[in-house]
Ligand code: 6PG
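Here's a solo chain for you in structure tokens, the form predicted alone.
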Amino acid sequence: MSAIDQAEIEILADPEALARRVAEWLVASMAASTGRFSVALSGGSTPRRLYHLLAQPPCRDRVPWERVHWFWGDERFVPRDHADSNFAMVRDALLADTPVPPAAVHPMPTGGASPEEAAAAYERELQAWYGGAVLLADRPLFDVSLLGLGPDGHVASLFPGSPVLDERVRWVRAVSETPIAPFVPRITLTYPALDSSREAAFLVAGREKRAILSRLLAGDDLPSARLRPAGRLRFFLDRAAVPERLR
């Protein structure tokens, strides 16, 4: 049985209800944990409202900011203040108005170095955080990975047909060619890193995602269907995105 077949699916009324449910779930997971807690963040429009909620009461008052560390699932190779930067979106929506320690924020490097050098540097940072260069099945890298679903079935910056889909050793890779705008190089976590998650959660909203979500849940060979998280796989969907067979 595949990870998709065993996934937990929650259907919410609309994007606002989806964001509030995910915020509730994520804050509860953080609050119930002990020690360090690591989150791999997704870019895109769907999680932005979630990040706003985390930065506001009552969520803001329940997050153990001093021990939660924030990582990125992928990034465009643009300056951090660029409009297309995932870091800039998360900074403005979540980090700017919260008491998160600077040392707990781990953006992908995009200044100066080439995408390949930046990917290698981020991999070293992840390994230093993890305390080793080999990911162990019983000790995931991330407590939670937040995931988006692209219109072509991509997840993070793992696109259909990309040679990076076959990476099984490196944790982070550069992506030189991207099939969707903006057409700039990217840096992405690979399957070994994304799979090393206690909880992996797709956030999917909007009628325009219905067709690709139907293909994903049906088991089509999409990049998003190749995820095999060490722990639980979840889908948080708004009603507009839900395929007919789930209605």
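Residue positions are given as counts along the sequence shown, with the first one as 1. Quick caveat, the model's predicted, so the values are computed rather than measured.
The same protein also exists as the form predicted together with 6-phosphogluconic acid; that form is not shown, yet it is the one meant from here on.
Checking L141, L149, V144, A119 for any heavy atom within 4.5 Å of 6-phosphogluconic acid in the predicted bound form turns up a single hit: L149. From the list 131-139, 151-159, 91-99, 108-116, the contact stretch for 6-phosphogluconic acid in the predicted bound form under a 4.5 Å heavy atom rule is 151-159. Taken together, the three residues H69, R170 and S196 lack any non-hydrogen atom within 4.5 angstroms of 6-phosphogluconic acid in the predicted bound form.
Proximity of T34 to 6-phosphogluconic acid in the predicted bound form: non-hydrogen atoms within 4.5 Å are absent; the residue sits far from the partner.
6-phosphogluconic acid is not drawn, but in the predicted bound form it has a heavy atom within 4.5 Å of K209. Interface residue remark: G44 is counted as part of the site for 6-phosphogluconic acid in the predicted bound form, having a heavy atom within 4.5 Å.
Along 212-227, no residue reaches a heavy atom to within 4.5 Å of 6-phosphogluconic acid in the predicted bound form.
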